[in-house]
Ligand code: CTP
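Here we start with a single chain on its own, the form predicted alone, put down as structure tokens.
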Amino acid sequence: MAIVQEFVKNAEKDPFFRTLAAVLQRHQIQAFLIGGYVRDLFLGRPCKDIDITVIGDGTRAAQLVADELGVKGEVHIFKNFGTAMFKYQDLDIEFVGARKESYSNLSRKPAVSIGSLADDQNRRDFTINALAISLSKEDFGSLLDPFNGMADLHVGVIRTPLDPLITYSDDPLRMMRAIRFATQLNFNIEPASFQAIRTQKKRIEIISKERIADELNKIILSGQPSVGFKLLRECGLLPLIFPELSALEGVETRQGKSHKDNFFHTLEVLDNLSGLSPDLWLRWAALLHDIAKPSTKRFDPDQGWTFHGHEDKGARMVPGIFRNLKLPMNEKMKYVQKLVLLHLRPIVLAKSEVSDSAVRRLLFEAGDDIDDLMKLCQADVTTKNEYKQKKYRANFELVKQKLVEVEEKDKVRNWQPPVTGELIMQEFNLKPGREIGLIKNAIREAILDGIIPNEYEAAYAFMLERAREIGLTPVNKK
């Protein structure tokens, strides 16, 4: 097989594989490359994760190879599972002793015992991940494929090595992994396997939120994330793991007026954005931008369906969704929350005459995230009406141009008013209180509205005027 021959040829020159083979031979250790690295080798995909199954003590083999490579840093050993991991250059290396696994009904964590290569391949999630390449000197590069994984790679099928009902019941995370691999690789899930996911879907409840979120993130980062979310919907997992997103689905009609299906619209926006940015959290903003539409949906006989305030309520939903999925409750969550809150603003600007004041406010509120916000809004245009598409695109270009012009002129991105609260307290001998906020807000609004320039002298004079209106006198006034 040409790919294996090429691998063998390259391995002779590669410092890691050359050292690995030498150590295994010297200590008479039988080992195999297995899993994702082998799969991606045949798919021509880059892979920095190398999994090595050892017949015997995987942790000892890992330490021997790490020492020979001169690895700087710790070899992480997990005795309960007989695994060891270390980093070498840009590679993540994992050694594991070949093992059998048995599962209880209440946990995905198996009881582990020593096994053969066949046992180790039997425990793999999918046939394409059970492919193994020998690292022994006598048959270096030989492919071991007991479940016809190469045939499944060739036709693009996700299939379990053993009965899928048992495979998914043993470790329900494999249901998410099946959908994730189908999305990433553009493969189909074998029908019996997909039906088994439908049957076993409730088993997902024993999986930690962190594990589920990790698979969701990988789906979101794929080339066409909608594939994965449609599969999650079709098999019944989506309402169990992400009910807020599932609730977007459906179209209601009254008096001959219908609204669009916000679930499929959201997936279209996510796909559109995937062509514009690789950023995970910007893609999360796309996934959540309309998340509050079900709870804000109203019918008006004249206007039809409305979703007033869905951006504000959606922003308030973001922390709860992140908390439930065990996503980071830090600046990443706040970034997504901000984009959900502001996602209508550029669209509203694009539909109307663009004023400097409106652009200043948008720049002030979006700050350094303005470029990402514009990408989100560009992706949010999913109309199939060609005239509307052209109009929105033209108006968006106008908004972008205005953003550049106003930023160059007024410098309001990440801006703080030139007169601070401390200065106001000093000038009027005040303690922190309501008056400080009134004056600061008045100065900010005057600058954003273009009443005064974004300069200290103008802001100071405006402060004196505003203070006089509410009965304050500077302490230094003679």
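Just so it is clear, the model here is predicted, and its values are computed rather than measured. Each residue number is its position in the shown sequence, starting from 1.
If you look for the form predicted in complex with cytidine-5'-triphosphate, you will not find it shown, but the lines that follow are about it.
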{"query": "Partner contact for D51 in the predicted bound form: cytidine-5'-triphosphate, 4.5 angstroms, heavy atom", "finding": "yes"}
{"query": "Contact of R123 with cytidine-5'-triphosphate in the predicted bound form (heavy atom, 4.5 Å)", "finding": "yes"}
{"query": "N129: touches cytidine-5'-triphosphate in the predicted bound form, heavy atom cutoff 4.5 angstroms", "finding": "yes"}
{"query": "4.5 Å heavy atom contact, G35 to cytidine-5'-triphosphate in the predicted bound form", "finding": "yes"}
{"query": "cytidine-5'-triphosphate in the predicted bound form: contacting segment from 133-141, 146-154, 84-92, 180-188, heavy atom within 4.5 Å", "finding": "180-188"}
{"query": "Selected contact from E244, E311, D380, D171, since only one has a non-hydrogen atom within 4.5 angstroms of cytidine-5'-triphosphate in the predicted bound form", "finding": "D171"}
{"query": "Of K218, K402, R345, R361, the one that lies within 4.5 Å of cytidine-5'-triphosphate in the predicted bound form (heavy atoms)", "finding": "K218"}
{"query": "Those residues of 147-161 which, in the predicted bound form, come within 4.5 Å of cytidine-5'-triphosphate by heavy atom", "finding": "none"}
